[in-house]
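The chain below stands alone and is given in structure tokens; this is the form predicted alone.
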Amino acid sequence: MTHPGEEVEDGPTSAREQQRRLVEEYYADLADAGGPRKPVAYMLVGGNLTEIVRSFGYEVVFPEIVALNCAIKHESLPNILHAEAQGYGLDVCGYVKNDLGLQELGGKTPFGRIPPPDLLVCSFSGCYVYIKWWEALAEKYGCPLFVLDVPYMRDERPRSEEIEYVVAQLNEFIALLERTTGRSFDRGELRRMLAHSRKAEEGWVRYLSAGRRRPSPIEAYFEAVFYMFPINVLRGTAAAADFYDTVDAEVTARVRAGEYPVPEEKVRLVVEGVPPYPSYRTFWDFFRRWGAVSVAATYPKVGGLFDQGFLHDPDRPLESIAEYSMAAYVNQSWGLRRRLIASYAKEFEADAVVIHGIKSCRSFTAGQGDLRDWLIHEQGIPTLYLESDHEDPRYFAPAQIKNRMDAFFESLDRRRSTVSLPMVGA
């Protein structure tokens, strides 16, 4: 199995090649976007309003995804340093500094130029930094800013009054789009897009569910990140809906051929946290050398907890959008998040949990130390905590991280060989 970015064979089941083409087409379209004929909206991934915005003719930019693409191409540090030279502190989110530095440097990325926004849409779900980030962009560009106030998830399902509260805001947002674009809201067009979204979401869930197999035909953390682009960036389009049919076919072909993420699956993991994108391949190799495979992960759920039933519904357009927005992973209480992680460990028969903390991301990292203790002492699940950063390569210490991982996997190996101390899930 190749790493993201390596050459792959073209063919009817080459999901990577199809995904690469979708990325190239998306950035090519952005290069032509802007102006009155094709306005651009900036949005955040978690709990986003992609379908509503696209139904009014906007192209969509996700600065978080632009930032991770810069980082994985080793081009985030100049943007971060430029933002720090403008006064942004070391502890400010790396996504924010990459984006604001990138904007000041002209919007050039390894994939092409990112156009400035005509509209800023902030889905406030779990992170106060989002609002300040979008306020800084609004001040720079002088464009409208709409903030969707999303209630924090404390229960397993949103309450009726919370859904009504968000739907009322969605109607306000639609009215703003009508005034801004001069177009009337087309509910039929929105439903058509939501049908595409639903098909993509169901396909994405099928892919992630394949991690239950032994051995797992998927890598639910490293590979899943590669396959997240259509579900996060292109949701609401036919291209995203069809992409996961290709993925399904590829996973089926892997099982038939006996091709798996590692030659011999030795350790099954649940992974929590954002990847260290500047050292993505190095980090992945630290797992692969131990035969460790992520069978479930939380990070691929930042775009939506579709596997928990929060799917878009063309028959309940605004209500399902509201429910989806509230159920964003980073908008879940820690009680809900830790129970979800423990359930993944049980359902996917994982041997351990690995938590990757992000120095500059409070919404993902705050509480992870307590999560580790809870998993170890109350759930009996071996758990490793690591820390670096998702954007800033200065915080990735490969020797230190490798030593900690080697010691952890060695202890798991000894635990496996001790019959009186069976591994969790064994």
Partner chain sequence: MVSDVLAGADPDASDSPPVLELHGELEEFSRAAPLDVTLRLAREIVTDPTYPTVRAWTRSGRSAVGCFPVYTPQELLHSIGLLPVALHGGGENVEISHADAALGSFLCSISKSTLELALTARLAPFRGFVFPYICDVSRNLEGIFARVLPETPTYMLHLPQNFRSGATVRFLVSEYRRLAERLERAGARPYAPGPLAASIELFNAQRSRIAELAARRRAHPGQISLAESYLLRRLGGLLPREIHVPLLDRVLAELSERPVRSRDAIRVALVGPFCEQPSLDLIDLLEQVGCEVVDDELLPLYGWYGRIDPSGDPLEALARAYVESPVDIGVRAAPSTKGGAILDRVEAANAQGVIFLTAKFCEPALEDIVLYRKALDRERIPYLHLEFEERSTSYEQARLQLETFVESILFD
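Residue numbers count along the first chain shown, from 1. Owing to the predicted nature of the structure, the values given are computational and were not obtained by experimental measurement.
The protein also exists as the form predicted in complex with its partner chain; that form is not presented, and the subsequent description refers to it.
- Remark: of stretches 40-48, 23-31, 357-365, 60-68, the one touching its partner chain in the predicted complex is 357-365 (heavy atom within 4.5 Å).
- Interface residue remark: Tyr165 is counted as part of the site for its partner chain in the predicted complex, having a heavy atom within 4.5 Å.
- Taking the partner from elsewhere, Glu264 is found to have every heavy atom lying beyond 4.5 Å of its partner chain in the predicted complex.
- Residue contact with its partner chain in the predicted complex: Ala327 places no heavy atom within 4.5 Å of it.
- In the predicted complex, its partner chain stays beyond 4.5 Å of every heavy atom belonging to Arg339.
- When its partner chain is considered in the predicted complex, only one residue from Lys346, Lys108, Arg316, Lys132 comes within 4.5 Å through any heavy atom, namely Lys132.
- This chain appears without its partner; in the predicted complex, the one residue of Asp186, Glu259, Glu172, Asp242 with a heavy atom within 4.5 Å of its partner chain is Glu172.
- In the predicted complex, Val150, Pro151, Tyr152, Arg154, Asp155, Arg159, Glu161, Glu162, Glu164, Tyr165, Ala168, Gln169, Glu172 are the residues of 150-181 with at least one heavy atom within 4.5 Å of its partner chain, listed from first to last.
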